[in-house]
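In C-alpha cells, one chain follows: the form predicted on its own.
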C-alpha cells in the first residue's frame, strides 16, 4: 500500500520537485486503470459447441491456411489475414478474387467482439468466418465445395470426427457451419501480447515506481490527451480499446458505383442471414447469445456508420479506417484534429468536434498509440509457433 501511495503521489503531482511529478488528476488515473488488465481471461462462445476444443482449434488452424476453401484453390483465409502483418494485409482495401470495398481488419483479439465485420453483419465469430468463403469477390466457394472437401479428404474427415464427434453431415450447410466453428475456435486463440502501456497501467495498480518511470514521457502526455482533451476513450474504451459499436466519424463512404451503407446494410444482412444466432445453427440452448440479435433495430442514423476498431497493435495495422483511406497514425490524428463536422450525419456523433491539437500534442498522441504495440518478444513467439507452409 505504501508503494502504491508513492506512485499515486508521483502521478498526482504530490511527490515534490525532486520526484518530477506528472500532474495527473485522480479521475485520469481511474480512467487509465479501466484499460486493463491485459490479457483478459479466455471465455467459451456458448453459440459454438467446439469453442475451446483442442481438436477443433487444430482443425481450424489447418483450414485457415487451406486454399481448397476457395474457388480454383487460389486463396485462403491467411491470404488477407497475414500472420506476419499482424493478421491483416497492409492493403488499402482487401483483395480476394477481386478487390472489395473495405480494409482488412486484423483478427487479433477478435474473440472479444460482439459484432463482426466493419458493418456488424455477423453476430458470431463462426458466422463471420463463413462470409469471405462464400463471397464471390473474396474466396468465391460454396457450401457444396466446402462439404465435399470435408467428406472426401481423409485427413479432414478424420479431424472433423475428432472435433465434432461425428462424420461430416449429409447436409452441406451443416458441414459449412462446422467449418466456420472450427475456424472460429482457432481465431479465438489469437490474442495480442502485452505492451508498454500495460506495464505502465499495472505499475499504477501495483505501486511499482520503476516500471512507471520506464514509460516514455511522450506516451504519457499522449495518454493524457487520449483520456482528457481528446476524449478518445469515449469510444475506444476498456482493455481492448473499443466499445464494439458503430459510429460515423466523418470518413467518406462513397465507393465505386454508389455508397457503402455501413451498419445500415450490415443490420439488413444480419437479419436476412440463415447463419445468424436466431437460426438453427446456434448451439446456445439458453437463447442468451441471441438476445442482442433479437433486439437489434434498423435506424436511419446507421447509414454510413462503421465499427470502432480496437487499438491494440494499431501501429502494425496501417492503413486505417474502414476504407483504408488514412495511411499513417499521424494521418488519423490529423483527421480528428481537423475534423470536418459537416461530413457527420445531422443525427450523428454529437460528441465529435475538431480537437485542434498542436504539433507537439499530435506527436505525443501518436507516441501513445504506438505504445499499445505488443512487445517484440511476443510477436516473435507467435510467429515461431506458426507453420512455415501448408
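As the structure is a computational prediction, the values presented were derived from the model and not from experiment. Residue numbers count along the first chain shown, from 1.
There is also a form predicted in complex with a small molecule; it is not shown, and the following applies to it.
Kindly indicate whether 77, 132 and 138 are, all three, within 4.5 angstroms of the small molecule in the model of the complex, using heavy atoms.
Every residue of the candidate spot has a heavy atom within 4.5 Å of the small molecule in the model of the complex.
With the small molecule left out of view, choose which of 223, 185, 107, 178 has a non-hydrogen atom within 4.5 angstroms of it in the model of the complex.
Answer to the contact question: 107.
Counting non-hydrogen atoms within 4.5 angstroms of the small molecule in the model of the complex, say which of 193, 168, 262, 96 makes the cut.
Exactly one residue meets the criterion: 96.
Would you please decide whether residue 128 lies within 4.5 angstroms of the small molecule in the model of the complex, comparing each non-hydrogen atom pair?
Answer yes; at least one heavy atom of residue 128 falls within 4.5 Å of the small molecule in the model of the complex.
Is residue 235 close enough to the small molecule in the model of the complex to count, meaning some heavy atom within 4.5 Å?
Taking the distances in the model of the complex, the answer for residue 235 is yes, it comes within 4.5 Å of the small molecule.
Heavy atoms within 4.5 Å of the small molecule in the model of the complex: does residue 336 have any?
Taking the distances in the model of the complex, the answer for residue 336 is yes, it comes within 4.5 Å of the small molecule.
Do residue 116 and the small molecule share at least one heavy atom pair within 4.5 Å in the model of the complex?
Contact with the small molecule, yes.
Contact stretch among 153 to 161, 201 to 209, 280 to 288, 223 to 231 - heavy atom within 4.5 Å of the small molecule in the model of the complex:
Stretch with heavy atoms near the partner: 223 to 231.
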